[in-house]
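Just one chain follows, in the form predicted on its own, and it is written as structure tokens.
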């Protein structure tokens, strides 16, 4: 059967019978039935019932150039015809992998000249764990094993990636985290600020890293990893003081700094990489998602010269890699994607035009009775839904206010993600000012419908 001949119910039945979805209650989804997405164009999706949906999450933080870009489609088709696959083992390379490595080095901060390719951000962060520990081992400090991350961070769902992340639900399954991973609190002012101003809190939150280093022992700490903006954690935008202080602490103790750019990279924050927006100079950067705008899977690690020179000049063989490292089709699409980002001036456009427009739109949503705080950074934004605006008191957990609002979003042609009591967006970088207005109108409508539920159910 083809998409045009199956009914929605038939697709849902087949899905429930065979497809185990990520991060899903399988039984609950089978009863409800999946939403079947059949096509897309620009910033819009259509489902099997013909409903048009504004995708304010860029697929899953990744479709930066929007759907239906012919340059990416053509690049994949050409490469599939010429060389659909060859590996990077056996001392071989393919032209697309070499060219993409060159271009990535060109658009990255100046300390990055080398790339290690993977298939996803999760694989990239697994690579970081291996690479960081190998670096210290080569330097004669094998006791430097511990990597520090943050609670509520997300660094993937493989064993190492999920361990680096600080999601309690993930750690509750599978015996995580693995040894040698520690966590500190996140720089979330609403939750942890305790009456401090945002800038003052930023310094306090950064110094939790120094406290943890001293507890563990500086001689045992290998690296600190963080997302410039915590994406899956709810678009937690740190105070401006946070990352410069983290940089100072890493420099003081000589530990490596890793910027997880899987979400923030390739223009999302208004610079090519989030670390540039927040004023830090990492030694390693994980990337994925926006490198191909999600058209095909690709990820990897940008390796700064501090690490690369040790691995190359002193390290011998690095016993790590993947079958699909530098996959020629993925790299060809990545090349076309980055060239299109440049051609369209999307990074500058986010910084100068649509990013400020989104910030203004979100500021206007602060007036809504349910919204206690509204934040935006580039083309990422979050609304905090609260029971009381003055105190920012939250709704009881059992209300599930975010999921209530998300339900209204889906029903009204908008994809907006709920993370607890935070409603978050990350639309494609090609979104226009007119479309931001359209999105904001949809968000306001869904907030109004959620407020009506609150009033009807007496949740206040």
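Residue numbers count along the first chain shown, from 1. All figures in this text were calculated on a predicted structure; none of them were measured in a lab.
The same protein also has a form predicted in complex with a small molecule, omitted here; what follows describes it.
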Of the residues 121, 334, 274, 165, which one places a heavy atom within 4.5 Å of the small molecule in the predicted bound form?
121
Out of 282, 378, 265, 156, which one falls within 4.5 Å of the small molecule in the predicted bound form, going by heavy atoms?
156
Segment assignment from 366-374, 121-129, 317-325, 91-99: heavy atom within 4.5 Å of the small molecule in the predicted bound form
121-129
Look up in the predicted bound form whether residue 150 has a non-hydrogen atom within 4.5 angstroms of the small molecule, and give yes or no.
no
Should residue 417 be classed as touching the small molecule in the predicted bound form when contacts are defined as heavy atoms within 4.5 Å?
yes
Contact with the small molecule in the predicted bound form for residue 384, defined as at least one heavy atom pair within 4.5 Å: yes or no?
no
Looking at the partner-bound form in the predicted bound form, is residue 60 within 4.5 Å of the small molecule by any heavy atom?
yes
